[in-house]
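Next up: a single chain in structure tokens, the form predicted on its own.
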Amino acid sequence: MPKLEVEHIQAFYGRAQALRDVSLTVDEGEVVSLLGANGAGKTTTLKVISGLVRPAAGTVKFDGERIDGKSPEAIAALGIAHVPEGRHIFPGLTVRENLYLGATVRHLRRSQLNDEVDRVLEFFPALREHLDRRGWALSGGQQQMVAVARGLMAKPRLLLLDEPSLGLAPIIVKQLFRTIGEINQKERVTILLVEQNAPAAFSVSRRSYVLETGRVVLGDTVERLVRNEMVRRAYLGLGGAESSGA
């Protein structure tokens, strides 16, 4: 049974339809990516899964249990952590305080919280020297590290990552995605990743879906998608098989 099953989801913002019959699955331990241009419906898909947007039709199941219709708090308590686009760290709080907030659903004591901070900083050692700095004083790359580390504080079974590479320098993106791969392997966290940066997404994903105007237009293994002419042209900046000499 897949860890996550999204079936025939339709979603609206007012009268504007954002998702049109979206279906996808994520198996236990997988990293699956969602590709698409701005407005394709990627972020809305994550919001439906985490309960921030109520679907007009369709179902979402986690470990076989239907979760569409549950509150975001109830969904988080099941082990689904959502790291939103734009980081959304609290600028007036320290890095440590931002991390504490990620464990709210676990109701831990202060000593346990500090143990968990130590655990997640194994993946982001560069943050150790910044634990007592305010969020506003961090670089964009450091803020993104805090956002992902805060998601890990919930000890999630499913981690939803929305555009983690957005606005980051290429060298930081490479480091961040290496860490995302390590989190998947070492913490055994299932990950659904929204990205416009296809090469970065493909570096950690086993499978990927492509969304266009609220619809899934492709879904396959990364190995096959990198040979797909539409993907090569639209997302990898390459010509088709013929023009590449393949």
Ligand SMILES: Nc1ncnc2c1ncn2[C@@H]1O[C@H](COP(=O)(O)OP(=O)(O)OP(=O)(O)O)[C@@H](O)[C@H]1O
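We number the residues from 1 along the sequence you see. Only a predicted model underlies this, so the values are computations on that prediction, with no experimental measurement involved.
The protein also exists as the form predicted in complex with the ligand; that form is not presented, and the subsequent description refers to it.
A.B. asks: With heavy atoms only and a cut-off of 4.5 Å, decide whether residue 59 touches the ligand in the predicted complex.
C.D. replies: Residue 59 lies outside the contact set for the ligand.
A.B. asks: Considering only heavy atoms, tell me if residue 189 and the ligand come within 4.5 Å of each other in the predicted complex.
C.D. replies: Taking the distances in the predicted complex, the answer for residue 189 is no, it never comes within 4.5 Å of the ligand.
A.B. asks: Give a yes/no on whether residue 122 approaches the ligand to within 4.5 Å in the predicted complex, heavy atoms considered.
C.D. replies: No.
A.B. asks: Indicate whether residue 221 is a 4.5 Å heavy atom neighbour of the ligand in the predicted complex.
C.D. replies: Although the ligand is absent here, residue 221 would stay clear of it in the predicted complex, with no heavy atoms inside 4.5 Å.
A.B. asks: Which pick from 50, 43, 197, 184 sits with a heavy atom within 4.5 Å of the ligand in the predicted complex?
C.D. replies: That would be 43.
A.B. asks: Can you check 60-68, 201-209, 173-181, 34-42 and let me know which stretch has heavy atoms within 4.5 Å of the ligand in the predicted complex?
C.D. replies: Comparing against the ligand in the predicted complex, the contact stretch is 34-42.
A.B. asks: Using a 4.5 Å cut-off on heavy atoms, what residues in 94-115 are near the ligand in the predicted complex?
C.D. replies: None of them.
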